[in-house]
Each structure stands twice: as C-alpha cells, then as structure tokens.
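Shown below, as structure tokens, is a lone chain in the form predicted on its own; questions about how it binds or moves come after it.
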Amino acid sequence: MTRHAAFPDFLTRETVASPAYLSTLSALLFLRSQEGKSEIVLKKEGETPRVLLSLPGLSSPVVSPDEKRLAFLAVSETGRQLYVMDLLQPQTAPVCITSMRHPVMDPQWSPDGKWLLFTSPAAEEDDEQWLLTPASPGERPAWDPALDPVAITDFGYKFDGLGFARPSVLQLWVVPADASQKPHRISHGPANFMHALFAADSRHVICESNLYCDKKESIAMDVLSIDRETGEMTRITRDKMVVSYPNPVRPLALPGGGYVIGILDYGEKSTHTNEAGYPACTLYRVSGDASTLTPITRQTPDCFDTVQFAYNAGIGAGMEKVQLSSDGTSVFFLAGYMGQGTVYCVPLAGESQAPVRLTDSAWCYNGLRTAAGPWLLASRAASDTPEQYVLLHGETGEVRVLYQSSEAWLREIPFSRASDFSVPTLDGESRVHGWVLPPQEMEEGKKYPCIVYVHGGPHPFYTDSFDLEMQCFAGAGFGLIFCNPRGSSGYGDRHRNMARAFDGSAYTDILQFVHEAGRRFSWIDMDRLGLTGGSYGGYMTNYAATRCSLFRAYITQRSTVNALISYASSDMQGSSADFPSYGEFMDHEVEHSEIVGMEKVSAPFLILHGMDDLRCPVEGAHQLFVALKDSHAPDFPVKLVLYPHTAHNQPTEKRQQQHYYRTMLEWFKAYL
C-alpha cells in the first residue's frame, strides 16, 4: 500500500554519513542515524548490513590506514570524546583516548596509523592541563561566559550560528592512537585552525586558518603547515582559499610529499568578493617544500569551476570534495555543471589541464572518498531517490550501488520525478535552467497549484537531487517550480555575475521560467501560484511581491529587508566607502531596499524568521511585518512567526521544525 510524503517523515528520516570503503573486506562502513539513534554499520556487497556499534552521540567514524581500527566520537558524561575500536574484533569494547574539557571534533588518522588529529575549542590563555580535564557532572563554572560583556574594537566580532566572538577558537590537537600519552595542542593564536590533516610524513599537519587574515574575510583562509613535535608553523599560501563557506575544500596530502589545495582567484582584490561575486577556485599542486604552487586545472566549457555550491543536495556528509586516485596519479573533484553535482578527474602531473567529466546524468554527486583500485566511493541522489553510496569507476564512469538509504520509503511513497528545461534569457546573455516537480500521483486532466521556490545565495545552485521538503509539498498536492536564475553558479562566469542577481535580471529570469513552465505543463494552474524562498530566496520573494501580481500567496523565509539593518547588524558588514557622504550612503541604502514599496503587496504574506539570525537580522522581519500591517487594511492577511534559538536556517529542533513546515503548508493551502 502506498502513501504520499508528509512533513512528519522528517522525524523518521534515515540519514547516512562518513562512509569508507574497506578494500580488505570488500565492504562499506558508514554512520546511520534514525529517530535519535546512531549506529556504525558494516555492509558487504550482496549481504545484509550489520551493526557494529551503537552509542549515544555517535559521529565522525574514520578508518585507520591499515583498515584494522576505527576512530569515532561519542558522548559520555564527560562530553564528546574520541574513541578507538578494533575492527577485526568489533566485540571488544572501544577505548576512550581523550578527556577534553571541550568537545572533540573532526578526527583524522596519520598515514602511519600512530597518531590521531582532532580539533577542540580553546582560548590562547587557557591552561593546557585544565583543557585536558573534563568538567565533572556536578561542576558549575564560577561565571557564565554568556554573561560576559563583549568588547568590540574591529569588524568580524559576530558570526551567524556562533554569536559574538569569544576568546575560544578551534585549535588543533594530536594524541597517540594507543593512548600512551595525553593529547597536546599544536596550534596557537587568536584564530581558527580547521579542515586539517596529516602530511605524508605523519609529522606535519596541514590546516586552514584565518590567523593572518583580516577578520572581515571570514570565508577565506590561508594554508599552514604545523610541525607536530615542535609546533613550528609555516605559511604555505599568501592567497586565500575556499574554506568555510559554502563548500569546504580540505587540503589533500600527496604520498610523496606536497599537497593539492584549492585557491580562490582574487586577482588584485584583497577582499573575499569582487564585482562579479564569489571568485573562481583553481586546484593547485604544492611542492613538498611549499616553494612552488602550480595550477593543475583550468576553466573549460565543460568545467566552470573546481567547487560546487549545490543548494539542495543534502548528501555526502562526512565525505570530501577533492580526492586522490588509488595509484596517486589523478585527482578527482566535485564541481557544479549545468545544474548537476558532477565528478571530474584531472592528472596530478602537468599544469593548467582540462578536467575530464566522469558523470553526466540526472544524478547529483556531492561527496567523494578514495576506494580501491580504479574505483572511487561517492554519494549521489536524484529528485525521486534518496542518498546512495556507490562505487564510481575513475576511468569509465561505471557505477555499482553499495547502499540505498530509506529503502522503505521507496517501497511505499511514489516520489515525484522532476523534469528539466531551459530558456534563453530575454536579454540574450544566458539561459535559465530549472525543473518542475509534479504532485505525487497526479490525476489526468486536473489542474494543480504550484509553489515557486527560489534558492538562497545567490551563488549556490539548485540540482536535480532529492529534496524531502519539496517532496512533502508534492505529497500534499502541490507542484514545485525551481530554477537557477542569474547569480547562480555552475553555468559560467557571466551567468553567476552577482550584479545580475540584484539588478532585476534574476527576477525576470524567474518570471520567464515560470511562464514557460505553465506553457509546457498543462496541469499547472497559473492562477494558483505561490512564491517562497530563504535568505536570497526571501529577498527575491520580497522583491517580487512589490512588482508583480502573478502570485496568490507569499512566504518569505530569513530574508533581507532593509540594507541599513544589514549594514550594521548583519555578520557581513556593509561599507559607505563609495559614497561622498554618510548621509548619501544612508539615503541610497534605504531607497534601494526591499522595504520600500511594501504598500504595493497585493497577496497574503507570511514571514518566517529565526530570532538568532545574524546573517539576515531578525529586526528586518519585524520591520517588514510592521510595514505590511501599517500600509494595508486591517483584514489584509499578514503573519510573522519567529523561532527562538534559530539562526540563519530553517529550525532543526523537531517541534519547531514541524511547526515551521505545518505553518507553510497551511498558508499555501489557505490561499492557493
């Protein structure tokens, strides 16, 4: 018996993460979580999955180079600590090898299997022995750090999801895998050290850090090398590289020494953006002594970049974006191409070469791991198929499915399959590509309401990946229309130009795509269209609401409203440097903000916003609500719903999440 997808499915969803392929066992090992329970699973090809371990707070499993041991994180009364277990004798109890005061994160093995690297927060002035002593269950701090005053002297003093900057930052630690010594800290300084791994010699640690960066450049960092024994720090790059937003690229250590890193092409700019927007990323080969950086990739018509900013992929957790082939001769990487998460291959030797595209299908790939021989472990999904782990042949592109998540759903829910098309932009500059997702089990000849969903960013792009939120709307009888207007990446430099996302071009692109969808699909009821989106998608919802009457209902999520609010209250500060006076700057910001013209909104308007949002401050949601109430008749449908302890994202706490989706569904049902 079948049923339709519904938002309570979020409560029972199976998620998978951190896979590894064990060549000695011809088996897949991964983390599986469902309904609050996490377990480490081993699955041999053709056999039923076997649970190796189940513990509270289980996360981040990593297999030793010899595939005999497993390191992982678990939560005990002393907090989140690092454990090691014997994979050959899984019945043996795991050994806890840390006792840190603060949570342990991101464990990594050394190539010789003798050491484990991890990150854990610390302030520069913290005593190391104190950091190595976990807080007892009954211990209470003498003072709550959250009550400390915040002294501000420079930019970069707040960040969404983290709040105001505190003395503690992410620091690097190493510990013997046999727990013969206590962990010791190898990084120092008032900066984050992250996305780290051991070099081939097992002595040096390669990491990314903003130690030498202007605090405003929060999304770009330098690559550093740190001697595990002496703590000596060497700066490998003086250019900035992709790090924490939106798609981390961990450096890749080469067996013979040296590294592969991804460097953003800034040109002569010193800041992290330019007029075109987020700069392109190129993979570089770094010599063993770090004296020479050689580009190994170049932009081609089949490969626009070496990173992908997929907005709705939602797969590949705990995997990497760049990996080395088993024989050490090639580099595999993920990049966005024409609305797909695509796997590419490029020789390690040589300079500025054209990458070869390995995948060219409706599947979205968003995670890689080196496997065995010519095979690569990858994560992929499609619009009607949840996440799969597959072996991908690094030369032929052949695929072998190892594990399909949420198999029960596939047996009982008739997930809709999205159809794609593209149309040339009205100005002839580019093409708008996107998809239409029909309601589940449509009736022939019946008209259905549609939700137009705009992605955030604007540089991320929609893919034809599995999106449970969209499938739940489809299960409730709505069609979905989603596309990649200008400003989106994955379609070339001209298409992703940031200016086009805000000068009205992207708005026109979306309307053009919607009208073409209505022409192509007779089941779409063009008189019952709703518009929604989060972040940039929320901005576009606000923008469209004051300019057209195509939509019957709006839901704006975590949106920008007034540039003056963002200028001072966002974690991404603005600048008045290009204006002759501060007063002219303020006038310009207000005049070009979405709050202007709210009296023109003609359809019911719902505002959803997190109260701890520092990217698009919640003050904007208040101002938007007041502007709509103040400029319309008392009976005009407008509602503001705020979610406590929620930053610049949809709520993740289960009760809040269900309320959020239920509120959206009820709004669209009422007005479409």
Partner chain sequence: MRPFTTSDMADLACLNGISVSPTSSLVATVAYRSSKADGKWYSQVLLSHPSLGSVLRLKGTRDTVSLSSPKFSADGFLYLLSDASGEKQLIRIPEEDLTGEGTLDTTPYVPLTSFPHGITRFDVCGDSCVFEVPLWPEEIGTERALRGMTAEEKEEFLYQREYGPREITEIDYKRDETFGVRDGSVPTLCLYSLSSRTFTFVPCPFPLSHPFLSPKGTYVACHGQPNQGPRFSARELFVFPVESPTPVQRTEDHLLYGEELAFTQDEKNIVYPAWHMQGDCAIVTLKSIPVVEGESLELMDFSLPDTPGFDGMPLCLTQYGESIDMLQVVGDEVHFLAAMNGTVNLYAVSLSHPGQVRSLLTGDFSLHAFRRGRDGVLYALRGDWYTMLQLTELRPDGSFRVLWDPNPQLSSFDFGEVITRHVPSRDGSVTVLSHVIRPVPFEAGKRYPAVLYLHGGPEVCYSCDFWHELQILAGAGFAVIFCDPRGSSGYGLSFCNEEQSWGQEAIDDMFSAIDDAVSLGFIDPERIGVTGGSYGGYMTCKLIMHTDRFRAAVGQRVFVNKATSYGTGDMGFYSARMKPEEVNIGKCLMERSRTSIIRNLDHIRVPLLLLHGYKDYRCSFEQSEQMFIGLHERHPEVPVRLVMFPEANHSVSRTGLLPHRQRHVQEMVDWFYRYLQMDTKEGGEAQ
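Keep in mind that what you see is a predicted model, and the values were worked out from it rather than measured. Numbering follows the first chain given and starts at 1.
Keep in mind that the form predicted together with its partner chain is not shown, yet the notes after this line are about it.
Note on contacts: among F521, F579, F421, Y212, the single residue with a heavy atom within 4.5 Å of its partner chain in the model of the complex is F579. Residue-level contacts in the model of the complex: of D154, E444, E77, D127, one residue has a heavy atom within 4.5 Å of its partner chain, and it is D154. Proximity of P644 to its partner chain in the model of the complex falls within the 4.5 Å heavy atom cutoff. Among residues of the shown chain, V205 is not one whose heavy atoms approach its partner chain to within 4.5 Å in the model of the complex. Contact check for M611: a heavy atom falls within 4.5 Å of its partner chain in the model of the complex. Contact annotation for E591: at least one heavy atom lies within 4.5 Å of its partner chain in the model of the complex. Of the candidate stretches 47-55, 65-73, 28-36, 616-624, only 616-624 contains residues with a heavy atom within 4.5 Å of its partner chain in the model of the complex. Judged against its partner chain in the model of the complex with a 4.5 angstroms heavy atom cut-off, the residues M598, K629 and Q656 are in contact without exception.
Counting a residue when any of its non-hydrogen atoms is within 4.5 Å of its partner chain in the model of the complex, the hits in 535-573 run N562, L564, I565, Y567, A568, S569, Q573.
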